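To begin, one chain is listed below as structure tokens, in the form predicted on its own.
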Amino acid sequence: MFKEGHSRELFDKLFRKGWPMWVGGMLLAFINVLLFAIKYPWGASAGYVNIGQNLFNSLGLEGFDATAISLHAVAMLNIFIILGAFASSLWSKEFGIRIPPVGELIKGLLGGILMGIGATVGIGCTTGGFFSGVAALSGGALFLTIGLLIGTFVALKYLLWEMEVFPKFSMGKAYSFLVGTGKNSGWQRWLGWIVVAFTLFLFSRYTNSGSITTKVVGWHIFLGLILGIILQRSRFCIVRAFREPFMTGESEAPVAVILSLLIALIGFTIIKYFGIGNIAEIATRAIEMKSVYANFWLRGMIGGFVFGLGMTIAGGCAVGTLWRAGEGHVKLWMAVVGFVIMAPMSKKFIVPFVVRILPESLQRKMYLPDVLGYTGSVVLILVILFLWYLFAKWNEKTGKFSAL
């Protein structure tokens, strides 16, 4: 017979200890394929833009009209990733409102601002532009990735320089409140269940609607919760995948991201090749071009470079910022604020300037199968992933490119 102790044992196994990052990567890739099947591959920057546009619109500023947040799938996905991570951190007693020194708060805000610029200029962040873009066989995603690597390297050099020359900038008093390991923290687990119950209630309301648009948003609400839980438990972090080879030399994060990309690549390629989700054959091209943006090649590199600077300074990318904010890290709250405020401003004022000065040949769409065919494109991505894996493992042993 099933006993209450069995459920408690299962709960403790899931939330007393962290999950391996590679497990999180596999689960995230699977959900990314589901999101593609529902509407569009996983992305985050469009949600930040939408929330910012609605904020400016509510303040009476002109030129920022946007879909209501409650009807914008990516905005709702972002919000419920935060709530999912919040619930998960409550259950695992890892939640706490953590306020770092002022210098770190400034870096969080600045990092968010740079990410807002980079994501709009490069048409994609580490999630939609890199994580989904590479798996979607986008040529621009490869150059955005190069920009991310360069930006991460430069920002890491700056942070090491700052520690040496201005060590007091990020020093000072830090404060923690409502930490789950404190006394009388039992209420946190109940609050976690309340968050889940609220999410399931909204999911039911949205999916029982007659509108297909509302049903899609409902599924993004539910999957956002699941994504937040997986991200928080596995501490899946794309920033670490780019940063660690140049910092500590550890390969855990790169290997987890590589495995995740491999699974997403298989799922995305099947969907695109067979045009899954299309009623008419004529619509197959629309499926193929999902997550393929007009950022090949220099535009993607510029945006990736700026985004790489921002995510390294802030300590979290577009999605890493969300789940860490759900854990209560105020530095990442500042990054969210900077991203939300700057992304729509950049889209309105900076992006048009970039589009005007860059020749069309440096900012066009590039779908790799159009040039290499599906076999050639998949082989190219596999070779890149394999070389990345070999580099990460070699560098872990030798420490040739590690600063620490």
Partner chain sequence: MKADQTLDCKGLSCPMPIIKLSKTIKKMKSGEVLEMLGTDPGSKADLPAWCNKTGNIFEGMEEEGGVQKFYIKKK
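As the structure is a prediction and not an experimental result, all values here were calculated from the model. Residue numbers count along the first chain shown, from 1.
Keep in mind the form predicted together with its partner chain is missing from the figure; the text below concerns it.
- None of Ala283, Ile266, Met171, Ile194 but one reaches within 4.5 angstroms of its partner chain in the predicted complex through a heavy atom, and that residue is Met171.
- Among the residues Leu259, Ile302, Ile79, Leu159, the one placing a heavy atom within 4.5 Å of its partner chain in the predicted complex is Leu159.
- In the predicted complex, its partner chain lies within 4.5 Å of some heavy atom of Gly249.
- With a 4.5 Å cutoff on heavy atoms, Gly186 does not count as touching its partner chain in the predicted complex; it lies far away.
- The shortest heavy atom separation between Ser176 and its partner chain in the predicted complex is within 4.5 Å.
- Its partner chain is not shown here, and in the predicted complex it never comes within 4.5 Å of any heavy atom of Ile150.
- Only one of 206 to 214, 326 to 334, 269 to 277, 136 to 144 places residue heavy atoms within 4.5 angstroms of its partner chain in the predicted complex, namely 326 to 334.
- Within 4.5 angstroms of its partner chain in the predicted complex, the stretch 98 to 117 places a non-hydrogen atom from each of Arg98, Ile99, Pro100, Pro101, Glu104, Lys107, taken in sequence order.
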